[in-house]
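Only one chain is shown below, in structure tokens, and it's the form predicted alone.
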């Protein structure tokens, strides 16, 4: 997938050579970076993904407001190149920050003061050389767990059987590219992505994945990059349908859209992390009546929820009639319902009644 390690190293070298050319020609050293902001993000109807536009900005060395960030960009690019050339183990983005943080000789300044400075620059470099940070020997901490009929060979050569991970499930590793997470076998019929770990855990204990012959995954709320990339691989490479099960609130709806279309903040990553065929399986406003959900499970919408509903209504990827109707219904209903609360019906209700009914009757939002 994507560019080879050799090509990525050459792209990093090219970045440095351009800066040297600026210096040798007596010009102000510059770096050109695609703008990663809302005004350079658009929804591509043809692919069903959020994408980054072609607007760019320049970062200059001889600019009081940009000099430090310019220096930081080169420091990070140089360290990434070194990690790749030396075949070093992948570092967490936190560890990278610490390897580069030091005092600048002859000054009272540090190269970096906090990780909030280094993280966005890593994303800048990903965009500049068309790479995933995972390809650049950098990882973020994953949160996801997985269970179901899939066997994977990992980087160490161990064979992992996700039907035998017990009640805790198997951790989603920080890098899920083929070299690190090679899918040997998978007999699942679909992937069920569950917003909450507690709900995932209950389903896993009941071995819902066995009864439904599916993969059961949770990103424990808003997913990290590894979970999104894994869902993308399972959807595109194995052609597995993706169903997302989340809370009936604007936050759950948005988590679904992150798995499906990608996110605004990481629009450059969407083609490698989105699953445009994903469907929202619930929980939905019409389910309240269909399944006779008790009023004790209702939580009144607060102002922050109502504001978020209006924001979602204005996103292009939520402008289909069915989603506009759902968002209006939620606002009119005036309450949100957490997927956890379905246990009020019975502990087995979600696995034995709700999910089978929704899938069999294709009760989805797309």
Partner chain sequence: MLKLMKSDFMTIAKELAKEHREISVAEFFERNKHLLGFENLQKSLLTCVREAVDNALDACEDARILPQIYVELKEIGENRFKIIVEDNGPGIVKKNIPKIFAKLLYGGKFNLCQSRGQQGIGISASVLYAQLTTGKPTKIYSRIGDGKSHVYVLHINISKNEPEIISEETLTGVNGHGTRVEMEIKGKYIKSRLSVNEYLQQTAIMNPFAQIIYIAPDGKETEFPRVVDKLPPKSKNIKPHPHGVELGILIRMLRATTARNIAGFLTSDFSSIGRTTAIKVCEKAEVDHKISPKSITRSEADKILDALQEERIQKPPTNCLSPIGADAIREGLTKEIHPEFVATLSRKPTVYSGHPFIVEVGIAYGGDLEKEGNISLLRFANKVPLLYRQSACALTKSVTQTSWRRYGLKQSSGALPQGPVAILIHFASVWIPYTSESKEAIAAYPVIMKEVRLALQEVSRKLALYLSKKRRSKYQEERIAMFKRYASEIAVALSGLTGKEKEKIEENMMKLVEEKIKKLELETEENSELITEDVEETEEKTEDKFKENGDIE
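Source: prediction; values computed, not measured. Numbering follows the first chain given and starts at 1.
Beyond the structure shown, there is the form predicted in complex with its partner chain, which is absent from this document and is the topic of what follows.
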Within 4.5 Å, heavy atoms only, one stretch in 160 to 168, 284 to 292, 215 to 223, 238 to 246 touches its partner chain in the predicted complex. Which? 215 to 223
Is there any non-hydrogen atom of residue 251 lying within 4.5 Å of its partner chain in the predicted complex? yes
Indicate whether residue 344 is a 4.5 Å heavy atom neighbour of its partner chain in the predicted complex. no
Can you check whether residue 311 is within 4.5 Å of its partner chain in the predicted complex, heavy atom basis? yes
With a cut-off of 4.5 Å between heavy atoms, is residue 28 one of the residues that contacts its partner chain in the predicted complex? yes
Among the candidate residues 279, 137, 229, 81, which is the single one with a non-hydrogen atom no more than 4.5 Å from its partner chain in the predicted complex? 81
Within 67 to 90, the residues that have a heavy atom no more than 4.5 Å from its partner chain in the predicted complex: 67, 68, 69, 70, 71, 74, 75, 77, 78, 81
